[in-house]
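Below, in structure tokens: the form predicted on its own, a single chain.
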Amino acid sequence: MPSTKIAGIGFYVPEKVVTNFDLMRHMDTTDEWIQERSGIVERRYVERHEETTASIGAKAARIAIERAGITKEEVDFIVFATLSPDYFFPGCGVLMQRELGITHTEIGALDIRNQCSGFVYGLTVADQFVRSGMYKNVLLVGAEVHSMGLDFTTRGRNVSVLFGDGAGAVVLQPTDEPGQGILTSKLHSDGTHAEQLALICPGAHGGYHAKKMGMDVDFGFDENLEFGELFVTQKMLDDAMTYPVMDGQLVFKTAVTKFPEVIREVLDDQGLSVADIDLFIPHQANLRISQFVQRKLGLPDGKVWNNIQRYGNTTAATIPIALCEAWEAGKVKKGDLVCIAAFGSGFTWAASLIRW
């Protein structure tokens, strides 16, 4: 059975740079406060009405396709990971397919909704398609446009200062070269604290989860309606309930535990140790989390790639953007062992080992 290699890789970030000082004009915060808590100095935002999650995903995809040495018509399956889709439905996979101009091929498109872990989950799904021989050129994209859905007031600063827009893509192909490609992946989830990092409204929940968990939350639903309940109520709008929420302390505490666990799990699966890792690329959620995990694993600075300082948290796009940057900088060479890992909303967490 063949294994799966990354044959081409690309990324795109919007031209518009938004610094911490820019955000200070909209909320009560400081550059020092943001950097101390997250390590972020600046991030990129799309141009409104000109770029979307699907369109920037297509820009990254075109680069990956060219570097893979194939044409867009040779792509035979699409996997698209995002938490910020253009539409509630359909998903971004088909929209990006249209952007690329390959709708006539009638290929399949799968949307992955695993937030920060989306790229690793998507990589694992695509790996199975390639290994089985079902597809030969799988296009995997992680893309996000957070800037259109954040609360840019002091009320929302704990979340809004963290996120940026961007996209990364890879083309996955089979290889018969021994020991090359994706060696192993491990995926995990625990929905116990799902609401502690979430965008709850709008949604088709009707208050179900809050009631079941004993949460005293009034979403403003009209209890007298027999059917036709609204996704969005006036109370949701008035109380700013349509923005993401996060329990930062819980996320940090859980992330620094789950990150090392899943990394050691993939290493143990292959009979390898931390010392065998040539480059570790963590999901760029928070520089403090990445540094904590790095210290816990005992990895030197030269073996860890962080770029959250320049791009913020681009969720499903962080790993492919960072991986592409590292490759372009010559930090990823043939034969290197690359470890990627992510933790995020759900909670979900995952890791993969790749022999370049």
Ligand code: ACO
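Remember, it's a predicted structure, so these values are computed and weren't measured experimentally. Start at 1 and count along the sequence shown; that's the residue number.
Omitted here: the form predicted in complex with the ligand. The next part is about that form.
Annotation: in the predicted bound form, residues V266, K303 and R355 none come within 4.5 Å of the ligand through any heavy atom. Think of it this way: in the predicted bound form, the ligand has a heavy atom of just one of Y135, F252, Y243, F219 within 4.5 Å, and the residue is F252. Among H193, H209, H188, R157, the residue placing a heavy atom within 4.5 Å of the ligand in the predicted bound form is R157. Exactly one of the stretches 284 to 292, 320 to 328, 59 to 67, 46 to 54 approaches the ligand in the predicted bound form with heavy atoms within 4.5 Å, and it is 284 to 292. Contact annotation: C116 falls within 4.5 Å of the ligand in the predicted bound form, judged by heavy atom distances. Heavy atoms of V130 never reach within 4.5 Å of the ligand in the predicted bound form, leaving it off the interface. The ligand is not shown here, but in the predicted bound form it comes within 4.5 Å of a heavy atom of G248. At the 4.5 Å threshold, heavy atoms of P14 stay clear of the ligand in the predicted bound form, well away from it. Residues in 69 to 103 all lack a heavy atom within 4.5 Å of the ligand in the predicted bound form.
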